[in-house]
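Given as structure tokens, the chain that follows is alone and in the form predicted on its own.
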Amino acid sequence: MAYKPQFGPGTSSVAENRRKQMNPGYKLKKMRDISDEEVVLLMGHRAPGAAYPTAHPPLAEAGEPKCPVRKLVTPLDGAKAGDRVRYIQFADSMWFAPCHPYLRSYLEAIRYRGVDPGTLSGRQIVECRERDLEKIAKELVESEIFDAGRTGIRGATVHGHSLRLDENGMMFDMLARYVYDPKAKTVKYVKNQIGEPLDKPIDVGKSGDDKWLKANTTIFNSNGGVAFRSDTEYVEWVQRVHSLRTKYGFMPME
């Protein structure tokens, strides 16, 4: 019998959205176009067109000892070239953002090779070799799991992101990395992820309306959304995992 992956419990729309995003067989919908140059500018690690800085010689020149694992695992382009490791970091609003920090780490670990994702309080970071990161970052920012108003690209000073929205439905940002254009009704980044001003703004499109956000969010929210305790199956599994972890922690004798 073929194994069918199980990506999570639950019968609610939130649970289904979580399973969908974690499933590598599901192709994330493209919602906007961001150029390769704009992705590089948003992250701010190197100038567009500049050579990739390296951390070690290319693997073909490194003279590594023979190893059976190296024959089994094909290195990514960045590893082949010896690229340094860089990052992109996201913040997601608790107010119906399409993704959330823990889920981002799950889906990135499932969907991509050679990545090191991590969740810290209200932020989520993904690290990997620089040229590979740019491809991954482009896919993530262009996809349905990024919303112009409820998702932020923030490499520093992330705090306060999910606590409030302004009159245009956008998250608070201490460094004001992005602004709302009332004429175009789109969001434009005027600074890169660590707050350095950009020479020209980068348009990331319109934020989804409340109806779309609530239908596509992966966040339980009892204030107008799906309440966590309304999904009985999800509650039962969380309680089961919590109970087993607690018992294991105490190491009860049989």
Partner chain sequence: MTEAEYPQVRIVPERLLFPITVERLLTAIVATGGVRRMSLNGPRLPAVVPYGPARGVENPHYARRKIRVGDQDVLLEVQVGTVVLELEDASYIPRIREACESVFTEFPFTIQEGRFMKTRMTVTDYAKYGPDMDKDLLGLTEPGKKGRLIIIQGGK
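Residue numbers count along the first chain shown, from 1. Since the structure is predicted, the reported quantities are computational estimates derived from the model, not experimental observations.
The next section is about a form of this same protein that is not shown, the form predicted together with the partner chain.
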Completion exercise
Students should find that, of L163, V85, V73, I110, the residue having a non-hydrogen atom no more than 4.5 angstroms from the partner chain in the model of the complex is L163
Problem - Distance check, D36 to the partner chain in the model of the complex, heavy atom within 4.5 Å - result: no
Handout entry: the partner chain contact in the model of the complex: K191, any heavy atom under 4.5 Å
Key = yes
Handout entry: Close approach of F172 to the partner chain in the model of the complex, 4.5 Å, heavy atom
Key = yes
Practice task
Using the partner position in the model of the complex, report whether G195 sits within 4.5 Å of the partner chain, counting heavy atoms only.
Solution key: yes
Fill in the blank from the handout: The stretch from 76-84, 155-163, 135-143, 112-120 that lies within 4.5 Å of the partner chain in the model of the complex, judged by heavy atoms, is 155-163
